[in-house]
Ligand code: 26Q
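Just one chain follows, in the form predicted on its own, and it is written as structure tokens.
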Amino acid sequence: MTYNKEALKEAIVQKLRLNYGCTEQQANDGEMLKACAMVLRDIMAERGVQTRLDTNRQEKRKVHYMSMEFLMGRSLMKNAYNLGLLEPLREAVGELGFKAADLFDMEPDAGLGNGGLGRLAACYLDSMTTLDIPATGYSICYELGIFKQKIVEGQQVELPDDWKNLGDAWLMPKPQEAEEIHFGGKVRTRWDNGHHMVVHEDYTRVLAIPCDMEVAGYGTEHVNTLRLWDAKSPKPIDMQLFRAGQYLQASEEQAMADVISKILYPEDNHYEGKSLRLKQQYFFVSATVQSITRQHIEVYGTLKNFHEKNVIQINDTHPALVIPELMRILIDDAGMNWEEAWHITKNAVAYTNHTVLAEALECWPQKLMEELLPRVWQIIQEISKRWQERVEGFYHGDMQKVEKMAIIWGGSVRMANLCIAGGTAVNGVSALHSDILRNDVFRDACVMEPEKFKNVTNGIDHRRWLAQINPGLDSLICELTGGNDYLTVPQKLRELESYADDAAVLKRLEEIKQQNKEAFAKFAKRQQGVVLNTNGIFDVQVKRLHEYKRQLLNVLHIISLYLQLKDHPDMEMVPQTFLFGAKAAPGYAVAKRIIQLINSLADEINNNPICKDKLQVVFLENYRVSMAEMLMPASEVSQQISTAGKEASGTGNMKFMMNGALTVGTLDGANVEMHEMLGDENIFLFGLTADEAARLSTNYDPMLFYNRDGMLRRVLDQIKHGFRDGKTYEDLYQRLLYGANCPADQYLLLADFGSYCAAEQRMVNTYRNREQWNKMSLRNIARSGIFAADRSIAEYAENIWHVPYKK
């Protein structure tokens, strides 16, 4: 069926009557939003059925993308855009008496992720669908997802984020495809006619109910699926206990199951938290592998060709248990021997590493693994033994290398090493990151199996992060390049560079940026009552709050500007509006203190008359995808200032670049490749390189920088003494100079402070020359096509998954 305005109107009216028992005149905004979502969902579901039929008929290899996070954001506008129905939907909604913009704005973000990892997964699912790759994403259907952030007296407070209240219109529960997950219990083994039989008994059962979310590609009939698993107990309420008045005990098993899919990343600084996290990961993995293998058998009748028709991509170490779980099914359920099962598993699983930080290379206590997953633990032991024998043989008994590469060692199970041993490919997500994995983090494994290690630099969904969120820029690009071909051929953006000397084009580019700044200022006023100075440079740092991302270095620089302004109140100054947005993990005390410091500084600066129209600092509350969609087009400076060698890639840096913001950054992550594309003249680099940072860290004394640099000393003393709100930050002062259960200034803020301030000054001086600035902005946009997710997915398809894709 072809959908136009009239067809959409009729379908929406029918949804209102059948699902909500009301007419369009009686419906409220929430009911209209859900009705629109259901209409688009039906269109995608019909196409999805046909996609799956074609895939099975043609026996195509399928991609299964497993990630603990999928930060989808809002879906109504995105799905309408990809389906080519955005304008007809706007018109249909308008003629039914509603404003489409209001509906788009009221849709909650699907908070199924924490940051870049989850947003990357969402971008990749869009690109896989657009490139006609048969793919399914898998995650948990978190009831609350990432928390809503509220700032109270400068401090972060976490509130529940009930995104499903309106967002569940996209979900299609499929209880008939539920899978049963087993925890605890004990394992018995016996031999039967020469076969080793394994019996798992006395376990606790949890049901995994799939809730499918259809994903439309752009310019294609192809539709893929995001399968989200919801946890439920298979046992009903104990009516005997309920009748006896023991209400809580009667529903205890249900509550224990429900908590698995309650919230993203429960705190794990205690045993109960670790146990819940491991339960989440195995629940997610076991449900997924059972579902994949069951569907495969329905088509082929055997699992012997599983690796030929399926590839499982695990996004970071969270889904690493897919390796022993697939082995369990192949051995215990399909009756294969170890060698055959291992061959299939190794050729079906690939691993993407997203970090070099030791804290994020997951390790689980051996005792916890034994108690919760006894059969999986047995399989991990066997994998570990065989892997260790290989390592010992290759390195001639060098126990230092054996210890480093071991899967089980010192009472811990190392998930990254499990991924390396059990996968067909290991890839980093930027050229620098992949080099660090090969030459440092996983060096010994790379020497053993060099062909296994690859690189796929991250990419972003440019249809969403440029065309959809920045319609002014999209219109200009289409006009200058002769159409919208860049939506499927992002390299077409390079044609913009021929206009770098066209004064009229540069003027329009500047006008578009100013309009976007004013639009974001209205958004900020509406969201949190702040009045932004749109004449100031919008200097932006938005990302997860972590010490290595160095929001604190940004703060040190702003304090130095403030102190200069206090010394010379009449000094001429290009106005600057510093915008921060970040959520800190609830248990990350230092990150939460940095948020409090930013808010103290904002209070100090924004209430001092000498800063009026010169300096402004704003912490944007509850940073999320929908806010980023407003902020990226308005940003002029992108802060990408992590300690060199610590950021795997970054994707925010790409979104800023694609929207014409200029980067102030270190040579870290994908900044390295951005610099290769832009040259020194179109980016503001500073600081130590990864090699220099590594060398300095071995013998680093931050006090040398404190004593040598008078301004740095004043800045740190200001933090120690505090601000007008009466709050002092001596703990952060001590952490930088002396350490506190950690090395002093372990992310080298003081070493890079002088270079960073100089880069910021170069940026401000360049901003004064509007023609030069706009040329640089245009070149950033023109050269950003390489960072489209379509390019990343094409590389995965060719080099790792070995599946065809639409070129």
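Keep in mind it's a predicted model, so treat the numbers as computed, not measured. In this text, residue numbers run from 1 along the sequence as written.
Although it is not shown, the form predicted together with the ligand is what the next lines describe.
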- Pick from 592, 401, 492, 354: which residue has any heavy atom within 4.5 angstroms of the ligand in the predicted complex? 354
- Note on the structure: In this chain shown alone, the residue from 553, 80, 407, 429 with a heavy atom within 4.5 Å of the ligand in the predicted complex is 429
- Message: Within 4.5 Å, heavy atoms only: does residue 277 come near the ligand in the predicted complex?
- Response: yes
- Taking heavy atoms and a 4.5 Å cut-off, does residue 117 contact the ligand in the predicted complex? yes
- Query: Heavy atoms within 4.5 Å of the ligand in the predicted complex: does residue 340 have any?
  - Reply: no
- So in the predicted complex, does residue 191 come within 4.5 Å of the ligand, heavy atom to heavy atom? no
- Sort through 369-377, 695-703, 478-486, 109-117 and report the only stretch with a non-hydrogen atom within 4.5 Å of the ligand in the predicted complex. 109-117
- Task: For the heavy atom contacts within 4.5 Å of the ligand in the predicted complex, list the residues of 39-72 involved, in sequence order.
- Result: 69
